[in-house]
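One chain comes next, on its own, written as structure tokens: the form predicted alone.
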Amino acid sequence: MGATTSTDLGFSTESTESGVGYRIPADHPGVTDLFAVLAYGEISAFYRLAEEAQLSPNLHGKVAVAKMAAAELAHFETLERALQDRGADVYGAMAPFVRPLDEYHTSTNPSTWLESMVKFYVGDGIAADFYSVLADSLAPEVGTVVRDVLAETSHSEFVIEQVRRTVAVNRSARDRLTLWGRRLLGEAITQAQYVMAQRDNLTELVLTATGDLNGVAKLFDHMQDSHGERMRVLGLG
């Protein structure tokens, strides 16, 4: 499922002489913060998926989750290089985002295999909706990095198949996972708001990308709409 874009939300970009439209130059200080929060998100996803592989009821699931974790690690390495190219201290840049992202994962720690799968699919989708809108307003060389690490992979199909097959025959599981999905959305939006507040440069970048506070509110509304569609794809709508 594709992520929301600035065009979908009605945000316009400014025209440049080259014909490429974007508002935020590559040297904007908020770009370093953006790369850093994405990098910590990816490395967190890597080691949490590695742990959650143990929840799989079979070897097929363990291997599938190991591949998901490997993809997250590759995304981290892309962002690590991008931060180094900007002359940033990678670990220092990530430090402000450790606590809020860790708190999100602690508050949404899955207790079952299916909860883990829903969190992977829904959580990645929510993040992609948020950060893809920013990517559309970034200079091309920066926006490309963001889109590359947010790109969906074939792993999504594995998750969809696992969840849909179960909830089609198990009403109790469907009800539990529906509530779980709602919780994930609420926690993710709270996390996004908190992360924005950690760094003034990142806040300014988000406001520039969306236009103003009304634009931010509009983005969150569309994130909820996209979440509803993802839940329906999983058979939970």
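Since this is a predicted model, take the numbers as computed values, not measurements. Start at 1 and count along the sequence shown; that's the residue number.
Just so you know, the form predicted in complex with another copy of the chain exists too; it's not on screen, but the next bit is about it.
**Student:** I need to confirm a contact call. Of Ala168, Ala26, Ala197, Ala66, which residue comes within 4.5 Å of another copy of the chain in the predicted bound form, counting heavy atoms only?
**Tutor:** After the contact test, the surviving option is Ala66.
**Student:** Within 4.5 Å of another copy of the chain in the predicted bound form, heavy atoms considered, which of Ile189, Leu207, Leu179, Ala70?
**Tutor:** Going through each option in turn, the one that passes is Ala70.
**Student:** If we define contact as a non-hydrogen atom of the residue within 4.5 angstroms of the partner, is Gln54 a contact of another copy of the chain in the predicted bound form?
**Tutor:** Residue-level check for Gln54: yes, a contact with another copy of the chain.
**Student:** Could you tell me if Glu115 has a non-hydrogen atom within 4.5 Å of another copy of the chain in the predicted bound form?
**Tutor:** Flag for Glu115 set to no.
**Student:** Should Phe76 be classed as touching another copy of the chain in the predicted bound form when contacts are defined as heavy atoms within 4.5 Å?
**Tutor:** It does: once another copy of the chain is placed as it appears in the predicted bound form, Phe76 has a heavy atom within 4.5 Å of it.
**Student:** Is there a heavy atom of Arg183 lying 4.5 Å or less from a heavy atom of another copy of the chain in the predicted bound form?
**Tutor:** So Arg183 does not count as contacting another copy of the chain.
**Student:** Hey, of 199-207, 170-178, 26-34, 39-47, which bit sits against another copy of the chain in the predicted bound form at 4.5 Å between non-hydrogen atoms?
**Tutor:** Heavy atoms within 4.5 Å of another copy of the chain in the predicted bound form occur in 39-47.
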